[in-house]
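The form predicted on its own is given below as one chain in structure tokens.
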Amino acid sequence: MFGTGLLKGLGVTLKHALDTFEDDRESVPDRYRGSLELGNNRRVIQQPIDQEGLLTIQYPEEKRLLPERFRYIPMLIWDSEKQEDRCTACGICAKVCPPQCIWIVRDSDENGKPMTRCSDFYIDAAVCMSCSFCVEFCPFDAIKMNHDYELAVYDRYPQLVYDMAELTVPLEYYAALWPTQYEEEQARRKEEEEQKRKQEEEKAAKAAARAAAKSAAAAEETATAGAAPKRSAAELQALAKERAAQRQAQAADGGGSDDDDAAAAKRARMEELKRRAQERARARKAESGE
């Protein structure tokens, strides 16, 4: 029948209106359950996905509790435990940034030598696309995504270009925004530090073992040198002369016998050649006489 759809739509609207009216008459309406009261009618409302009924947040007095993985513009981490910036000015975040909205200036010492820290760090929030590539590629967990989205200004430049002082937040702020991710990173850091400590201990143990082995070898060599008899300079000279005389005698004996054998072999060879020459001469004489 004509108009049935219109009536069904009005019925749904009436049902939602009645549900909302009943909810508003309660001391704590359903939309305010579990919310954070900030005073002056300001609240942070936690809006679960399975919540039923109409829900209108009266912004800016009422704000919705953002999920942990919400991201807007990056922020730099100040390590409160070590009292230093985590950023080492490696420049990886600036290289992987798709819109190229990050500028980094590396700091240097009094001699002009580059140092592993930033002197200036800028992010153009008007260009940033909140992709979090800088967070994923940062090897030092120095840059994270912030939840602050209320950045409206009248002038784009320079008010939307944030410097290092405006971007830096303490480690506790990051832990409050990203509790799950913070705990995972802390567990990973502790594991890496434990592995590094074990490697250093193994290296120190090997170095101590090598030093002990060298000390033992040196002590053994010293003991051997101390056990050997010590001779005077005259005795050493006499011993050297005796060994030289022995070598000369051995050379003389071996050389004479070798010369005799060589002479005998030479004489035998000459006799053989002489005999063959005489035989050839007699043969030629016999041939000419015939």
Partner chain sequence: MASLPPNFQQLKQDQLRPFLHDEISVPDELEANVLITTVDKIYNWSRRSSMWPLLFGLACCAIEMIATAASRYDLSRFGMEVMRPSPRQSDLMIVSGTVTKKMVPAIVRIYNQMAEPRYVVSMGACATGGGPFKEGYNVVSGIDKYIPVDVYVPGCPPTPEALIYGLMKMHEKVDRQSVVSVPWYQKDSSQFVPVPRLGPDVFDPRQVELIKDTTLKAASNGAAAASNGAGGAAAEARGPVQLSEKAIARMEEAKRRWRAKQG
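All values reported here derive from a predicted model rather than from experimental measurement. Numbering follows the first chain given and starts at 1.
Heads up, the form predicted in complex with the partner chain isn't pictured, but that's what we're talking about next.
Chemist: Pick from 205-213, 76-84, 186-194, 156-164: which stretch has non-hydrogen atoms within 4.5 Å of the partner chain in the model of the complex?
Modeler: Partner-contacting stretch among the options: 156-164.
Chemist: Taking heavy atoms and a 4.5 Å cut-off, does residue 149 contact the partner chain in the model of the complex?
Modeler: Residue 149: contacts the partner chain in the model of the complex.
Chemist: According to a 4.5 angstroms non-hydrogen atom cut-off, is residue 169 in contact with the partner chain in the model of the complex?
Modeler: Looking in the model of the complex, residue contacts with the partner chain do not include residue 169, since no heavy atom lies within 4.5 Å.
Chemist: Would you please decide whether residue 129 lies within 4.5 angstroms of the partner chain in the model of the complex, comparing each non-hydrogen atom pair?
Modeler: Flag for residue 129 set to yes.
Chemist: Does the 4.5 Å heavy atom contact test between residue 44 and the partner chain in the model of the complex come out positive?
Modeler: Judged by the heavy-atom cut-off of 4.5 Å, residue 44 is well away from the partner chain in the model of the complex.
Chemist: Only counting heavy atoms and a 4.5 Å limit, does any residue of 69-83 reach the partner chain in the model of the complex, and if so which ones?
Modeler: Going through 69-83 in order - heavy atoms within 4.5 Å of the partner chain in the model of the complex - the hits are 70, 72.
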